[in-house]
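What follows is one chain in structure tokens, specifically the form predicted on its own.
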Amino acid sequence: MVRLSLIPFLALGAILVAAAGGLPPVGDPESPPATHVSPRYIMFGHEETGAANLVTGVLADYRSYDTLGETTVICVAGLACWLILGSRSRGDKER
């Protein structure tokens, strides 16, 4: 039974390894993000966002919905852990 449950994990691992083979090398100056997105952020970032820092401008203005989503997921996970651990400690006191 345990061996049968390893099959989906091995299949997923094979898919991830095959997909990773299609990624550009790290630091490749000819990759699409380096040739299209990064130059725009660098050239127009300060005037479009008004941020004093380029990283702050990218995170707060260009990718704000993505950053908000990541923050929401982390907060929900923390709240779930707090509720689970809190219910266990209350359950021990009642017994």
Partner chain sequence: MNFAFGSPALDAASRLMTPFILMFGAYVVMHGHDSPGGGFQGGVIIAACVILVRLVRGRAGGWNLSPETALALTCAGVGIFVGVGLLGPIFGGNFLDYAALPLSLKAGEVRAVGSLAIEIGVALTVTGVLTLVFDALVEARNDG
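Because the structure is predicted, anything quoted here is derived from the model rather than measured. Numbering follows the first chain given and starts at 1.
There is also a form predicted in complex with its partner chain; it is not shown, and the following applies to it.
Participant: Would I15 count as touching its partner chain in the model of the complex under a 4.5 Å heavy atom rule?
Facilitator: No, I15 is distant from the partner.
Participant: Can any non-hydrogen atom of A34 be found within 4.5 angstroms of its partner chain in the model of the complex?
Facilitator: Output for A34 is no: heavy atoms all beyond 4.5 Å of its partner chain.
Participant: Flag E47 as yes or no: does it have a non-hydrogen atom within 4.5 angstroms of any non-hydrogen atom of its partner chain in the model of the complex?
Facilitator: Yes - in the model of the complex, heavy atoms of E47 and its partner chain come within 4.5 Å of each other.
Participant: Would W82 sit within 4.5 Å of its partner chain in the model of the complex, counting heavy atoms only?
Facilitator: Yes - in the model of the complex, heavy atoms of W82 and its partner chain come within 4.5 Å of each other.
Participant: What residues, if any, in 42-61 have a non-hydrogen atom within 4.5 angstroms of its partner chain in the model of the complex?
Facilitator: Result: E47, E48, T49, G50, A51, A52, N53, T56, A60, D61.
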